[in-house]
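Given as structure tokens, the chain that follows is alone and in the form predicted alone.
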Amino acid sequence: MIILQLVTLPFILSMALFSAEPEAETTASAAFEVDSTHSTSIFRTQHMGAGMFYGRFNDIAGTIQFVEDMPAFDITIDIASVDTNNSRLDSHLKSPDFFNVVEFPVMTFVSTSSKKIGDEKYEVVGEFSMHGVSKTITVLMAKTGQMKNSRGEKVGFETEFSIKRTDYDMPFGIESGSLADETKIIVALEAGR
């Protein structure tokens, strides 16, 4: 009888462990931190009604998080990191004529909803803030990849959209025809955890 109880007890304990209710999974996962070195933000607008002028921002920060399998973005770009490969032009872009970096040091995008619209493609709605103005915009985010190895996990997204500078109180050069109002923005993000 004692031997039977000794054999039965571990069996009962192991059955209790296997039949226990699994813990509920959380709907939100740990955030991916944006890797500024491997992320890019480029802008393009027409100059003097002729060529296309490009610039970039070198300092991107923020997080990407998956909530119920939908990506959520909280992205900040440091305006002082603007880079056109010309220091004089960079200084002008930082001035009150354009970004006014002293008063408005960052631009941000914080998503409010995401909807899957295709294979690895998402329609993302969020608040885009620049130059003291915030507007709700919708962008198409393409998931460019995701991988996991001994160094952690990485995910990538890319978007391309256009804005009008006048919508953000940045009309410099439009009336004279030296710069177009419409500006294309391309953002490629890599983030890890």
Partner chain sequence: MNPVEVLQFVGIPLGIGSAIVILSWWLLPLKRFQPLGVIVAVGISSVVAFILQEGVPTLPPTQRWHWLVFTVTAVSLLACIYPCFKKWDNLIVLQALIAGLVAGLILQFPSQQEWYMRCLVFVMVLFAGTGLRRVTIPAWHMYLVSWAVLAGLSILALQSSFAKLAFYAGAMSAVAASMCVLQLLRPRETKSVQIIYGTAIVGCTLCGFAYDQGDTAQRSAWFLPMASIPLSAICYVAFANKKYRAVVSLAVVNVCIVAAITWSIFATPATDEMWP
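Remember, it's a predicted structure, so these values are computed and weren't measured experimentally. Residue numbers count along the first chain shown, from 1.
Not pictured, yet referred to below: the form predicted in complex with its partner chain.
Contact check for S91, D169 and F172: all three have a heavy atom within 4.5 Å of its partner chain in the predicted complex.
In the predicted complex, none of the heavy atoms of T108 sits within 4.5 Å of a heavy atom of its partner chain. Using a 4.5 angstroms limit between non-hydrogen atoms, T76 is distant from its partner chain in the predicted complex. Its partner chain is not shown here, but in the predicted complex it comes within 4.5 Å of a heavy atom of V102.
Its partner chain in the predicted complex comes within 4.5 Å of no heavy atom belonging to E120. Of the residues in 80-98, those that come within 4.5 Å of its partner chain in the predicted complex through at least one heavy atom are, in sequence order, N85, N86, S87, R88, L89, S91, H92, K94, S95, P96, D97.
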